[in-house]
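Below you'll find only one chain, the form predicted alone, shown as structure tokens.
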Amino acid sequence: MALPSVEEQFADALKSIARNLEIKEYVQQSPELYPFFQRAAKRFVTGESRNDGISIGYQLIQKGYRISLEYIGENTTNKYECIRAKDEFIALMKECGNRGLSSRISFDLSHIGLSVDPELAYQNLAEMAKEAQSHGLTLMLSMEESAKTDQILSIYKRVVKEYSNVGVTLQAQLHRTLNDLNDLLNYAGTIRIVKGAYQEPSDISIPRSQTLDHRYLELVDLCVKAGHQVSIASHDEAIHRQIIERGYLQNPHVEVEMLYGIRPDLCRQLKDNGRSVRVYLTYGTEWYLYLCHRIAEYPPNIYVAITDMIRGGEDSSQLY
């Protein structure tokens, strides 16, 4: 059996550190470390305020992109913090509506109650879906660790029956996803397909490999052939070559979605060639875990992060 590469070991280690609350709190409370990590996060996060996200979102829309906005946070274990997060999302929707900003609103269910009480998450989600609908906005549930998948899909299926403006994310790396997708094609909401950023047991997941690439494309193919709204959320150029060769992006119900600060050159190239491209923007103070994931999914980003810590982060919005 082949041993993991140094990069794979580094990525796994970084994902473990990212979820260590003691390390996270130490960084956030350190007057020496916090500014350095914040500089590195600037490349991938629009800023810490709602206005930061909306301002950059407006710039990208003016350039011809679609956008998705998220107030960063997950695994919130205090009921009142969950309600506060929900209220922030409601305020974000109202501001988008007032400014005529067409955006998708993305988030983790564990940010608005799943880690406290699934019913709280559902009630907050239903309130958000109703508010979004009144402003002509859509919502997208992110997918979290596999232990939460059943709960997330159960809540999603419940809410989408009433609010078709709610979509859900699926992780190609999980063996179960093929069956989940065949079931979800019976529901109206958009499906976003990602490879998956979480460490999962080998008996339930597919490692990064050609096998995973084939599974990813199989999932996209099912959505396209079903005429279902699908968001292809990948930065993998091999995946992009395949979806272009197969003509997927000629379908009006298919779009590409990429994270802010990652491959703006590829985003610009696709957009300039008439493809539908959505950029995923985040804002908020809970950027530590997000930054760790961005480095872990592409380990060479550690060099960029260290450079940004020393010199200051680049304004990614100018690269689009």
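All residue numbers are counted from 1 along the displayed sequence. Since this is a predicted model, take the numbers as computed values, not measurements.
What comes next is about the form predicted in complex with a small molecule, which does not appear here.
Judged by heavy atoms and a 4.5 Å cut-off, are R192, I262 and R294 together in contact with the small molecule in the predicted bound form?
Heavy-atom distance to the small molecule in the predicted bound form: all three under 4.5 Å.
Using heavy atoms only and a 4.5 Å cut-off, determine which of V116, A197, L222, L249 is in contact with the small molecule in the predicted bound form.
Checked against the cut-off, the match is A197.
Which residue among M143, L125, V166, L184 has a heavy atom within 4.5 angstroms of the small molecule in the predicted bound form?
Selected option: M143.
Would M258 sit within 4.5 Å of the small molecule in the predicted bound form, counting heavy atoms only?
Residue-level check for M258: yes, a contact with the small molecule.
Does W287 make contact with the small molecule in the predicted bound form, using a 4.5 Å heavy atom cut-off?
No, W287 sits far enough from the small molecule in the predicted bound form that none of its heavy atoms falls within 4.5 Å.
With the cut-off set at 4.5 Å between non-hydrogen atoms, does Y280 touch the small molecule in the predicted bound form?
Yes, Y280 sits close enough to the small molecule in the predicted bound form that at least one of its heavy atoms falls within 4.5 Å.
Is there a heavy atom of H235 lying 4.5 Å or less from a heavy atom of the small molecule in the predicted bound form?
So H235 counts as contacting the small molecule.
Which among 81-89, 226-234, 241-249, 95-103 is in contact with the small molecule in the predicted bound form, heavy atoms within 4.5 angstroms?
Only one stretch qualifies here: 226-234.
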